[in-house]
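Here's a solo chain for you in structure tokens, the form predicted alone.
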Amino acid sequence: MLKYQQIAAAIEQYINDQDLKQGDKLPVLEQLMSQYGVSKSTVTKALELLERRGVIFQLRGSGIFVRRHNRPGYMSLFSTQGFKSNLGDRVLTSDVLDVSITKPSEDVARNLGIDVSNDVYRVERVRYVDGEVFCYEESYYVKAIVPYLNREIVADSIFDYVQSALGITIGFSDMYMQVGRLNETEAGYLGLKMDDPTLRIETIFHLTNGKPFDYSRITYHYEHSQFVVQANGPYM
């Protein structure tokens, strides 16, 4: 990953850690250069990336400001920081179905860029927001990068754990979305009927050096999940 992408990830993490709100002002360009020890061009590119992703907005002569969606109940679809940082005052809980060390399937290994002989943590859980079923999740973590997980960690926020306890910086993600219908297993976990509609998202999360460490498949409850995509400028 390029340096400006690392700085963009660090700034976004700072915004989430400080729980900054819409319109909160960030340090000026010179302060960011000093804070991260990088050149003006690197910080400028990082800010341009964050602006394209809807994380900040810049006003010439006024400064750099946090950009947040203000419609309650909606989650940013393109965040790399996990559910918990997206939900504000809403309460996220998990029913942990499985935490185990296993060998990846060929599909999982391909998405993680590893060999099928490598160990991964398999995590399976149902997630709730304010007591309502939100999604069913199946995730795989490269054990060489995330060496330890247990039910207590998985029941809370895995992303908080890997960033704070393991010192891992999450760089970027690739998302693949598909609208379809629930199979019998998914419907059972979500409390819906087979063939009810759903949104499925497969996400590969990368470190700042570009190496994949987490491959997740999430199936959303169509009545309880709402998303926002923040864009810059008009669509053509």
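This one's a predicted model, so the numbers in the text were calculated from it and none came from an experiment. Throughout, rigid core stands for the largest set of C-alpha atoms superposing within 1.5 Å between the two forms. Numbering starts at 1 and runs along the sequence shown.
Unshown form predicted together with the DNA; subsequent notes refer to it.
- Each of 45, 60 and 63 comes within 4.5 Å of the DNA in the predicted bound form, counting any heavy atom.
- This chain is drawn without the DNA; in the predicted bound form, the residue among 201, 204, 192, 29 with a heavy atom within 4.5 Å of it is 29.
- This chain is drawn without the DNA; in the predicted bound form, the residue among 38, 175, 168, 187 with a heavy atom within 4.5 Å of it is 38.
- Along 155-186, not one residue places a heavy atom within 4.5 Å of the DNA in the predicted bound form.
- Comparing the forms between the shown form and the other one, the C-alpha position of residue 169 differs by less than 2 angstroms, with the core used for superposition.
- The Cα shift for residue 197 between the shown form and the other one, taken after rigid core superposition, is smaller than 2 angstroms.
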